[in-house]
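Alright, two takes on the same chain below, each alone as structure tokens: structure 1 and structure 2.
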Structure 1
């Protein structure tokens, strides 16, 4: 069953829903990247919670005019309007009052959400006979989704994705250096508004699949995950789209195969699994590699210090240093250097002396930047440069006695 879902074998509708979820995940990951880089990730929480009263009011209005309250376009339209009001509320509170943005987010989020829950409860009591199914907007539900709904979601997600990619340069500039961005004539406030608008679009489109409580996760987890793997903005954007799309695809497929599971939480859990793996295993910024790198570095430092101490005939007290020297066959248990140890010690001392000379000379500034007390100098300087440095080495045999 799960295999069928993953391979799009559950029929046309389920396939469409899965594809729609995947596009949504990509759009959310890519759009969320700029929110994350601009350090405004929590704004998306306010936007998503502010959609709820819009959903309720749209349902009531459509029923009052004798229509079908469950029309997706109508519901999403209502969600967009109230989310935009919530967003403007946050922006207004943050810029016109002394409230900080996080406080403004908290206030707007809770008030809008509370109002929305009241509306939903009223709708439930009113329409006791017919199922309104609005609870699906809280946690996401693909069960019973119409083919046209899936098409709308897929189309809107694709459009949003395209818009974010088209605006990537101004969005990057505004996120990294708003002052410089403004000096080139970029309207930073309008760029921020465009970014929020795109996030709002992703949120509204994602309501039906992921639900308003968890859409935030789809906006934030993928970029944070991507950041573990790269130091380049464009790569964060692409990876975030891949992670978001992948999590949404897997999550939607699982929940299509096991209809009792809500779609949103499954997608978020898959996203979290990718995050957890990245946190642990990413090569540069991952936790494991950081621990390993630290251990390796510590060992190299100890070894180097031990060799320098041997070269200068100083005693070695640190047990770790002694242990490392012994294991490498460079010193005997009593701390006396072996022939191999003496050779390595002499080399280490020469290296250190050469580095001192390089670091004193401003013309070697670029090379001196590589100094960390461990890097062998011949990996940084050319043979000619080494010769030049060696001319300046102190020449012990030429020292004359007074």
Structure 2
């Protein structure tokens, strides 16, 4: 069953839902990147929670006019209007009052969400309309989704993804350096508004699949995951789209193959699994990489301290230091230096003396900043500078250079 879902062999409707979820994940990942870079991730939380009263009011209005209260276009339209009002409320509170943006977000989030819950409670008591299924907008649900609904979501997600990609350059510039962006003639306020509009669009489109509570995770987890793998903004954007689309595709496929599993939470859990793997295994920023770099650093420190001890004729008591020296062929089991060890130890002591002279001379201030006890002095000073330092040594040494 899962293999059939992954290969789009569970029927036309299930295929549409999976493709729509994948496009939504890509749009959310790419759009969320600019929220992440702009350090405004909490805004997405306010937008998503502000959609709930719009869904409830749209249902009640459609029922009042004799229509189908569960018409997806009407519900998403109401959610968009409500979310836009919530976003404007956050902007007004942050700019016209003494409230910080995070406090404004908390106020709008709680008020709008509370109002939405009240409306849903009232809808449950209505005799008219078909209110069953509205709770799916909280956590997402694809069960019973019509083909027309799936096509609407897939088309809207594709359009949103296209808009995000078209605006990625001004969004990136405004996210990194608003001052420079303004000096180039870019309207930063309008660019921020466009970014919020795209986030609003992603949120509204994703309500049916992921739900308003979990859409925030789909906006934030992919860019955070992508940041583990690269330092370049354009690569973060691409990887974020790939991770978001992959998580949504796998989550929707699993949900289609196992109908008892809710779509939105499964998508978020798959996204978190990708995040956890990146956190552990990313080559530069991953935990495993950091642990290995730390261990390598510790070994280099032990080896250097051991060489200095050999050069000064001091006993070595640290087992790890002695083990590293023996492994490198620099010392015998009893701690006596080998011929190669004596040469390396003499060079280490010479370099340490050189570094002390460099650090005492104000004219070498820039070079002294590179001293950490491990950096070879030849990579910092020129040959002429080394000759100048060697002339100040308290006694003659044989200088060996690579």
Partner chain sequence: MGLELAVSDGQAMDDHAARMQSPLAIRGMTVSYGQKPAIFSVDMTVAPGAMTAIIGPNGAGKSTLLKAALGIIAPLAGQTLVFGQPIRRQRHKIAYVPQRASVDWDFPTRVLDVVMMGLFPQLGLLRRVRAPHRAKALACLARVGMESFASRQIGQLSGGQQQRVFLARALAQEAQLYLLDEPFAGVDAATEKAIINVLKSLRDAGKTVVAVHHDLSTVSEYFDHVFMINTRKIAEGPLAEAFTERTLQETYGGRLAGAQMDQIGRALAAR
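Numbering follows the first chain given and starts at 1. The term rigid core refers to the maximal set of C-alpha atoms that superpose within 1.5 Å between the two forms. Keep in mind that what you see is a predicted model, and the values were worked out from it rather than measured.
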Name the structure that matches the description of the form predicted in complex with the partner chain.
1
Assign each C-alpha to whichever of the two rigid superpositions fits it better between the two structures, then state whether residue 391 and residue 286 land together.
no
Estimated from C-alpha overlays, the smaller rigid part's rotation between the two structures in whole degrees
24
Once the two forms are fitted on their rigid core, how many angstrom does the CA of residue 345 move between the two structures?
3.3
If I align on the rigid core, how far apart are the two C-alpha positions of residue 369 between the two structures? Answer in Å.
9.4
